[in-house]
Every structure is written in C-alpha cells, then in structure tokens.
Ligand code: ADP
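The chain below stands alone and is given in structure tokens; this is the form predicted alone.
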Amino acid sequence: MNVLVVNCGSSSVKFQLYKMPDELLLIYGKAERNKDGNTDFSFHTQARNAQNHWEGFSFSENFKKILDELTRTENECLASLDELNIAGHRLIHGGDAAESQGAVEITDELISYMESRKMLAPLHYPANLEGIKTMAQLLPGVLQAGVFDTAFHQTLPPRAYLYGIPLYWYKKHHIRRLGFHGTSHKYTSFRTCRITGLRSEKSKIVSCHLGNGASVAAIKNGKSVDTSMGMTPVEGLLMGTRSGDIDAGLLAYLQENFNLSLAKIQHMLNNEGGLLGLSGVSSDYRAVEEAALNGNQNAQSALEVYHYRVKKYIGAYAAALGGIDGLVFTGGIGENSPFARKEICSDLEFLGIRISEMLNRKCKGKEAVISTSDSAVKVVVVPANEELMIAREVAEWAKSKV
C-alpha cells in the first residue's frame, strides 16, 4: 500500500511517501515560502536529492510539483499515480469529531465541521482545508484520510480537561481542553521507550514538543493524561508568536479599556505575542538566541520566560504522573538547541534529571540519550516524525477500504 502523507502549514507543505506496511520511505521533502514570498522546494529519495525554486507560493502549484516528482522515472518511486492508494493529512483540531485515536475518513461532513471551527485554530485550519481540497481536485480517485492532532489526548481524564467554568458549557457545547501535537507526542514517547528500554505500559514520560508551536504532555503507561495546550493551540507554553498561558481577565480588560476588538485580540495572541512579542526581534528561536548572546536584554528576557515556562510544566507533570521515568525533547528547538535543553533542565536535579554537557552539546537533529549514566530520569532527543505515525494510522484504517 502506497501512502502519501501531507502536512500543510500556512507557509509550507511537507510530504512523505511510504510503502506500507514495510514503512519504506520512498521520497520526502517540502515546499516552503521563503522570505521573498517565493517557493523553495527540496526532496530526497534513495536515488537522488534535488532542489528547485519558483515564483509565488500556492498549494495548487506545490501539489502539482510534488505529484510530478512521485512519478518521475529517475526518482524510482511510482510508475504512475494509479499506484497511489491513499493520501493522509495532518489535521489540527478534531474537537468532538476526533473521539477515536485513529485515522478518520475525510468526507464532506468533516470538511464542513472543520470550516465551522476555523477560529479555534486560525494559523492551521485554513492550510489544512486548502490541502485537502487541492488534493481532491488533483487526485479525485484517491482515498483521503487524516489524523487529528487532538486524537492522542482523548484519554485525558476529566480532572485534566475540564475548565473551571459552568459545567453547562462542557455538557452542551463540549468546551474543554483538547490538546495538540498528539501525533508527535505519541511517536516520541514510543521511541523514548524503545531507546531507553522502558516499558511503554509501565512508564511515566514527559514529552516536550518545542518548535514555533510548542506543548508539553504527560504520558502514563502509553496514554496522554495531561497536556499544556487547551481547546485552542494558544494555551500553554510561550511560542514563536503565540502568547501561551494568559490571565483570562486580561482579555476583558484590554477590550474594555483600550477599545480592542475580539479580532484584534485574537490576532495579538496568535500573531504578535510569544518570542516575537517579548523580544521584538523575531519569532525564530535561533534569531532570538543570537540576539541574546549579543547582549539584547529583551531577547535575554524572552528566552528566560520561554525556558521557565517549559521547566514549570515539566515539574507540574512530574507531580501529575507521580514521578518521571523519561523526559523527551522534540520539534525544531527541542531537537536542535543544546542551549534550550540545558537551560530547561537546569535546577531539575531534585527530580532526578541530569544531562551530560558533552552529550547534549553534540546532539543536534538526531536521536540520542543525553542524560548522565547516574541520572534517575532518562533524557532523550527524538526528531519529530509525525508523518510516519500518520502513515501507520491511515494504513491501518485503509485496510478495509483499499
């Protein structure tokens, strides 16, 4: 079974083609909008690597280029698109449409549901929907399915997902914490156990997905029991442009005293906050870190807030789990910034967390254990591979469809 996995962001399309159930990766790459508004395209196969560029950025053009490469003879992937069995999408916000943890078929009803929930994930939903519609136009005969970011967190108990508002809002309108990055947390917690020898069914793991979007999850015996993001991806950690945790009363104060509309407040929380808002430099952790090293005090303060928020959630989830066996870092920052990992893990020795300065410094973008031999907690770095998890879920769902 050939499964094409696509992960559509506001400024990128990542893709991977797998031959299942062998999990043979035939091609992977991404089309990304650069700073000039044009597209940088790169891909890798067992036969060749290539890069390309073109003017503008559109999902339609990106998908056409991707499909062209799937069948190009020298790439040695597919003889024709007729060999493609199913397209699997990363979907952001399942809400009450993601009651199961597996893949879901993309139907007109599901698309309508997603359309009605755009405001809950304004940075993600438009791209998700655009990718689905474009794929349907280009490959009308290919099954489409998706895995919601929220699905893995369906195991949260009420004490973790209920908000302190009248219960009516949960019972009538399903207002609750849902959590995100579920596919990533599921994959990294599984890999943590495989790397360290921990038994998944008897483990207490804190997973830190740190990228432009960021979240922490508490995973007990292979199941999510708490997570930092809420009903929307704004809650929780400080992120690239998102505020993270904020006093709900502050929103009413801003609206009443500064004549800010709901749309303006929404834009501020999603697009003007986080590292960008505090540093005034960039939403990119690397640029903020460089500015901090060059003496920019706002950048230094922004990083202190960033690291502190992650550290605080690790401590909270160690308490929620009743201890911690494994701590895993993933995402662009988690995988590639020894500085971030060092700062986050500092002063956590009381939890049994000790990282090796040498192992941590050497680890960038690869799977590794970075804790010391006498650390009670196994600290690991696992590169994100949401696409593989989506391929597994979609292939399992598709067995009765293809």
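Here the structure is a predicted model, which means the values were calculated and not measured. So that there is no doubt, residue numbering starts at 1 and follows the sequence shown.
Here the subject shifts to the form predicted in complex with the ligand, a form of this protein not shown in this document.
J.: Tell me which stretch of 169-177, 277-285, 155-163, 294-302 has a heavy atom within 4.5 angstroms of the ligand in the model of the complex.
T.: Looking at the other structure, the answer is 277-285.
J.: With the partner left out of view, is Lys14 within 4.5 angstroms of the ligand in the model of the complex by any non-hydrogen atom?
T.: Output for Lys14 is yes: heavy atoms within 4.5 Å of the ligand.
J.: Would you classify Glu289 as touching the ligand in the model of the complex, given a 4.5 Å non-hydrogen atom cut-off?
T.: Glu289: contacts the ligand in the model of the complex.
J.: Would Ile333 count as touching the ligand in the model of the complex under a 4.5 Å heavy atom rule?
T.: Answer yes; at least one heavy atom of Ile333 falls within 4.5 Å of the ligand in the model of the complex.
J.: Indicate whether the ligand has at least one heavy atom within 4.5 Å of a heavy atom of Asn212 in the model of the complex.
T.: Residue-level check for Asn212: yes, a contact with the ligand.
J.: Since exactly one of Thr45, Thr39, Ser375, Ser337 fits, which has a heavy atom within 4.5 Å of the ligand in the model of the complex?
T.: Going through each option in turn, the one that passes is Ser337.
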